[in-house]
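Single chain ahead, by itself, as structure tokens, in the form predicted on its own.
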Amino acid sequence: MADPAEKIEEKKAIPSDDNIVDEGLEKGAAALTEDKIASVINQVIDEETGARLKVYVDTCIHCGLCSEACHYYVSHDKDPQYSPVGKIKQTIWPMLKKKGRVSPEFIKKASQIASTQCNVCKRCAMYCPFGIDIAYMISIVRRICHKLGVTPLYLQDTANSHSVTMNQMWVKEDEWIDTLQWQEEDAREEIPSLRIPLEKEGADIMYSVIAPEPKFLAGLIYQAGIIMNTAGINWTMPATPGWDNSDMAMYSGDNEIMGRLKKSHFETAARLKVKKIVMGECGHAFRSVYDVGNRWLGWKMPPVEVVHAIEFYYDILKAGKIKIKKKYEKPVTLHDPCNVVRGRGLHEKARYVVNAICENFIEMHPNREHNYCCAAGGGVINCGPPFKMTRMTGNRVKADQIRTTGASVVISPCHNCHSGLEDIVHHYELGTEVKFISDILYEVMEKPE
């Protein structure tokens, strides 16, 4: 039996979140009064929630069966404060029990827990005997904290960028167009007839990406151009705001900005009269159009059909529009992004695509909808450097998953997952590459002579 003293020493070695100073949390909390806090909490609870929250709160029997589902809990040696129900007990339950009469210090801690210790990945909901959606409850905490002005600084900065420029990375309109023309010019050296069509009305597909692509990963737009042109797709990309499908306001609790972003995205597609939107390999952006942003706008379904890149790759491979020259030979494993697998059920289509382009595919365990979160989604990676070690220590279980496969490459069809997994690979010295599906598809596909 392990010595309890050794367990204490182990926990001391884990960096404490209590020592982190975040300007957004500190300054926001310093400006609060208990009356202001109570007013905002009661306004959100009374006017923005309803039977859903009441049923969850009244139904929970504190059984703790959700605990084992959480990567933070498992990775912190089953410390109960990191369990899903433990995080609820430290945040929204006291708000409800005390009818909003909580302190500024409480709000600061609640914001930190909700924004940096939960990825709202919904894995816990799968293991709750009553199906309680703790991610929804955590999102209510973030909403309250946003309205009180207590949000981690980096996450709030991202939401501010959305507000001003309608994209996550403060990319100016001329910079966006310049990037597309630059990628088209480079790609024409490979396929001279290639075009990245801008503002083409009536195309079958509008291709949309997240702002980190033109900012840092423009090569992914190059790859998309090659894939679209080789497959003979009638497609276009917009030249105006509305091209960025990312949405960190959804995770900061700023529902008003989230609604503006989704409205702009769909209005752009409608203006171009396209039949379908194909979104790049991003999970949170996809969630924002099928589950959250559309609901805030009061739309039962989006006004234009939207598919994730996984579905698009599946369709063009199955239809024979893309031929594989030679399958990728390195052993690969597949990370299942929460928002496209647990949230949208694309696990089998993802495996069809991976098996079509890779020779040696090794499953993680658990996998599909049971796979562990990357610890970067849910806006957590956007909380920035102060909370990086919170992510790393909070997802040792993911590192163990990857290491056990023995794979050389982790395929991650999601931007936040890709960045989070790269951090995990580096921190835990796994020596594994992280790739998007398009990285491998571009490498192994037949291209026009």
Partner chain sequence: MFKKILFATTASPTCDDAAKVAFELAKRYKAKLCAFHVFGIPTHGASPFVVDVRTGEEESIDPDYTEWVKEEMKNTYALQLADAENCDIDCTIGVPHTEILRKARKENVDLIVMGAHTRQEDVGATRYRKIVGSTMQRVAKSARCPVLIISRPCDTCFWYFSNIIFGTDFSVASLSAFMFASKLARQIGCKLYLFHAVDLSTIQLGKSEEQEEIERKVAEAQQKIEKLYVPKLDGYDNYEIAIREGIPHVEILKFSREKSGDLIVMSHHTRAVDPEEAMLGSTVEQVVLRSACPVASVNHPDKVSDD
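Positions refer to the first chain, counted from 1. Computed from a prediction, not measured in an experiment: that's the story for all the values here.
Another form, the form predicted in complex with its partner chain, is not on view; read the next lines as being about it.
One residue of F130, W296, Y136, W182 in contact with its partner chain, assessed in the predicted bound form (non-hydrogen atom, 4.5 angstroms): Flagged contact: W182.
Candidate from P241, P212, P302, G86 lying within 4.5 Å of its partner chain in the predicted bound form - any heavy atom: By the 4.5 Å criterion, the partner-contacting residue is P212.
Segment assignment from 399-407, 58-66, 415-423, 43-51: heavy atom within 4.5 Å of its partner chain in the predicted bound form: It is the stretch 415-423.
Residues D178, R391 and D439 all lining its partner chain in the predicted bound form, heavy atom within 4.5 Å: Yes, all three are in contact.
Contact label in the predicted bound form: E189 to its partner chain, heavy atom within 4.5 Å: So E189 counts as contacting its partner chain.
4.5 angstroms heavy atom contact with its partner chain in the predicted bound form for I381: Although its partner chain is absent here, I381 would touch it in the predicted bound form, with heavy atoms inside 4.5 Å.
Any non-hydrogen atom of Y154 within 4.5 angstroms of its partner chain in the predicted bound form: Output for Y154 is yes: heavy atoms within 4.5 Å of its partner chain.
Contact flag, I362 vs its partner chain in the predicted bound form, heavy atom cut 4.5 Å: No, no contact at 4.5 Å.
Contact set, 215-248 vs its partner chain in the predicted bound form - heavy atom within 4.5 angstroms: Sequence-ordered list: K215, F216, L217, A218.
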